[in-house]
Every structure is written in C-alpha cells, then in structure tokens.
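Here we start with a single chain on its own, the form predicted on its own, put down as structure tokens.
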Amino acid sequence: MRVGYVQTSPIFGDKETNFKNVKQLIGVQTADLIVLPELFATGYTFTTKEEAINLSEGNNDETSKFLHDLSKKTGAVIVGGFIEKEGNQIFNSAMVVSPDGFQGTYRKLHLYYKEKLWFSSGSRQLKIFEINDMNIGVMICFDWLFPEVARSLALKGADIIAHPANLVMPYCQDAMITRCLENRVYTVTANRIGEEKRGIDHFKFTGKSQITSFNGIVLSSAPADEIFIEFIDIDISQARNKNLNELNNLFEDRRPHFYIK
C-alpha cells in the first residue's frame, strides 16, 4: 500500500493558487492514500470570525471538487483540511474523498488557541473510513496531544491515522512515535511550512511532515522549511496484529475498569 503526504506553504485566502500548487507538486504520482495539511487551501491565521466564515464551504464546493479531481487522477483516497460550514456554524474539518466521491468529514475535537474564537468544536463520535481495504482514522493537528483520540481510533479498527496539521509547537513529531507504538497503527502527519503574520498573531509552522510505522519507526521525515512530498510503501496488515509477543496483546491486556473515566 502506497501512502504519502504533501507539505505546502499556503498563501492566505488564495484557494485557486493553493489548489494549483498542490496539483503541481503531486504531478503524476499515484497512491492509495494522500494526506494534505490542515486548512491547506485557505491558510490559518484569521483575524476575525467573519474572515473564516467567508472562506468556509459545504461538502460540494470548491475544495470538494478539487479533491475529487485529484483523487480520480491519483487513484488515492485524499484527506485534506478545510473550513466546513453547516448552518450558522463553521468547523475546522478534514474532508475524506475517494475516486468514487465525497466520503465524509472529521471535525476537530480539540481546538488550539484562537481557533476557539473562530470555530465550533466537533461533536461527532470518532469514526473509521473503510475504503479500498484501508481502515482510515482521522485527527487534526492539536488532537495529537490527547492520546485518547489515537487510542479510540485504534480501538475502532484504524490501520492508519491521517493527520492533517498546522503545527507550531516542536513536540508532535516525536510524540507520534509513541502514538504509533502504543496503538500499533501507522500515521501520516501532513504539516505545512512558512510563516503567517496577520493582526497581532505571528505563527511559524514547523514542517517536518512524517510517516510513522506501527512499531514507532519514522519511515519518512520532511525538511522543516521546504515544500516537500514523499510517498512510501507500507504493509497495512502489520497494524492489524496487536501482539507484541506470544504473551502480550496490546488491546487484550488493557484493564479499563481500573482507569479513570
């Protein structure tokens, strides 16, 4: 199974150019799964909620159509971040699209910093997208800091966790080693690079997109400050074996009745 990420440097508010740049980066690549960064088409640093609302979309608008075209061209399931609008609410979401079309969205559960001013928190149960013999879980950026997310996705059957991100703290890439090791899942963290200085906020994004194996081995690591893509082959069946040895099974050995609820 071939999986990959696209590490970009979005131009704030310029969806057309950001779509074009992603398309050019991927070129003639084909894959089973491609992960794009959080809010890859819009940029991240909003100054007002109205600004975020103006860049929001439904599930059959510009971003959906772009991702569907990209999915048909590459043959891949595509997971990419966008601002999802439903009624009078907007969400920091990730869209899942296959060559067959729109498959669903995940709405970020744990909002970081001023995201709390712009977005509503996700309120849906975590789910697994079962597509082309892949069991795909999705989380977004700051969700990594809450181990319950990756664990819940693994318990629900995820083989691989797609992780669109706009990381500004330096800890996630190392933490993903533990997330994968403790759950025996693969993860694809697609981060962005560059800086955004808007209003009083100035963010510098950390790059270093990463594919991490079920056994904690880093299979791919992007540069911190370069636009970059990489695709690698993985054995998804390895993530379905939760045996650490002949006597220890990662999930069967859990004792949840002793854990804090």
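Numbers follow the displayed sequence, beginning with 1. All of these numbers come straight from a predicted model, not from anything done at the bench.
This protein has a second form, the form predicted together with a further copy of the same chain, left out of what is shown; the following refers to that one.
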key: Within 4.5 Å of a further copy of the same chain in the predicted complex, all of R151, L181 and I260 (non-hydrogen atom)   = yes
query = Does F91 make contact with a further copy of the same chain in the predicted complex, using a 4.5 Å heavy atom cut-off?
reply = no
request  = Give a yes or no for N132: in the predicted complex, does one of its heavy atoms lie within 4.5 Å of a heavy atom belonging to a further copy of the same chain?
outcome  = no
message = Residue-level question: is I11 within 4.5 Å of a further copy of the same chain in the predicted complex, judged on heavy atoms?
response = no
query = Is there a non-hydrogen atom of F142 within 4.5 angstroms of a non-hydrogen atom of a further copy of the same chain in the predicted complex?
reply = yes
request  = With a further copy of the same chain left out here, work out from 187-195, 78-86, 133-141, 168-176 which stretch has heavy atoms within 4.5 Å of it in the predicted complex.
outcome  = 168-176
message = Do any residues of 61-87 have a non-hydrogen atom within 4.5 angstroms of a further copy of the same chain in the predicted complex? If so, which ones, in sequence order?
response = none
